[in-house]
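Presented as structure tokens, the chain that follows is alone, the form predicted alone.
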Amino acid sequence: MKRQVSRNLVRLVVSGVLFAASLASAQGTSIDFWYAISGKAGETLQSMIGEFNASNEFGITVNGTFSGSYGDTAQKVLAALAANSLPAGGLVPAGPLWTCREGNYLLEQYMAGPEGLSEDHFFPVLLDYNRYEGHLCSLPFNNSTMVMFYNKDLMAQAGLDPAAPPQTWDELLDQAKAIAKAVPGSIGVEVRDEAWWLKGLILQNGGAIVTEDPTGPAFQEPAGVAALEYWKTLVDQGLMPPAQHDVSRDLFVGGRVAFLMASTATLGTVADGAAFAYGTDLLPGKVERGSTVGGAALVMFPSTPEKELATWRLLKWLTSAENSARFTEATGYVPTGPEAAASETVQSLIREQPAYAAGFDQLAVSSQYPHFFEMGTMDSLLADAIEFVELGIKTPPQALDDAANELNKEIAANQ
């Protein structure tokens, strides 16, 4: 891996020398581009790539290829780094780990270049999601936050006001209890992506997920323990079934779940399948509101000056306000910047489907911890810790301490 990093650095020096001279040299260039999104989002991106190929004035041809799930794509990129067989660019998970961590600062060069973009083009929290050790390493595209979906019909049946969904942890607990009592067979609370909601709960409780460096975990501190204890309360009181979260979205669409914590990207599925009145809101808070950002990132990999320029032109086109708004309209992912959010496309979408607004609004209270190589391991450990607590195998302090110890071991092994 060290030899690969050295080769990348040498290549970047060469790229820097040729950067200014190459700006008009991408004519007729063909590039390979991997993307880790499927379903409606993948179809929309592939369609946009086709449109770019047909319309760009530079004669650039982009060969877009679905690279598998986030996990599969991460492994594929890691193998390609080792084999020096990377594509020119892609839409991949944890983009900063495969770029800046590897000595690849191409994105910053092009952002500041003659065809560059201002950082004001993007929401600050989305740029934070794409940084590594102070460097901007990738660009936002299919980003989302976790929001609360709520079933207005179930609320009404329980005598609750469907226009007043829970705003705090206590209100969520109380309203879930009321619905579970009033409507036999209903489920008070569910979650799609357990680690994501737990991280949100920790932030809402005034805690931190990792240290600021980041040199290690912080989720095992008192704020994190209290968050997982609240989770256990929901389970112990029969308001959230343990270890069945993989079917949570289907249960909500089927009308059985009162409150579902899930990505804004779930909106399309809910809109297409729900036969009841529903709404969305920010995640309930405690000390404060809060959530982390999710999604993949647009990256550039070192290649030739011509391919690098062609890749930049694709990334710049995809992240234009117009195209970001179009992608939001088609998929439910949040717009990448203020201009896209203020566009008629997005504003019309919100007027027609108000449920989209919560995800956009939550960007203002969202934050992002620093990228580090063991991020994926951390999420797996948190998911395991949650299941141990749900099934009564471990207490919240035990589960989080064990997860933190395992994460520290993984971090130490990779140093």
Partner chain sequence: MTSYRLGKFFGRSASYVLLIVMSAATAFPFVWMVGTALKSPQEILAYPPTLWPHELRWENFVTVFKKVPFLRFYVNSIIVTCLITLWQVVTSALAGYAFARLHFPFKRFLFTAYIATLIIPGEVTMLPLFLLVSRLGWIDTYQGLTVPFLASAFAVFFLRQFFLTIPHELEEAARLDGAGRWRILLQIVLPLARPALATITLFIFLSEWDNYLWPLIVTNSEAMRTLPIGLRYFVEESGSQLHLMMAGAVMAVLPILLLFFLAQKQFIEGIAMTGSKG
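Remember, it's a predicted structure, so these values are computed and weren't measured experimentally. Residue numbers count along the first chain shown, from 1.
There is another form of the same protein, the form predicted together with the partner chain; it is not shown, and what comes next is about it.
Any non-hydrogen atom of residue 34 within 4.5 angstroms of the partner chain in the predicted bound form: Residue 34 belongs to the contact set for the partner chain.
Residue 325 within 4.5 Å of the partner chain in the predicted bound form, heavy atoms: Residue 325: no, not in contact with the partner chain in the predicted bound form.
Contact label in the predicted bound form: residue 82 to the partner chain, heavy atom within 4.5 Å: Residue 82 belongs to the contact set for the partner chain.
Distance check, residue 203 to the partner chain in the predicted bound form, heavy atom within 4.5 Å: No, no contact at 4.5 Å.
Triplet 75, 251 and 273 all within 4.5 Å of the partner chain in the predicted bound form via a heavy atom: Each of the three qualifies.
Among the candidates 59, 50, 39, 354, the residue which, in the predicted bound form, approaches the partner chain to within 4.5 Å (heavy atoms): Contact check passes for 39.
In the predicted bound form, the one of 30, 65, 367, 347 near the partner chain [non-hydrogen atom within 4.5 angstroms]: That would be 65.
Segment assignment from 108-116, 261-269, 204-212, 289-297: heavy atom within 4.5 Å of the partner chain in the predicted bound form: Selected stretch: 261-269.
Neighbours of the partner chain in the predicted bound form among 333-355 [non-hydrogen atom within 4.5 angstroms]: The stretch does not touch the partner at all.
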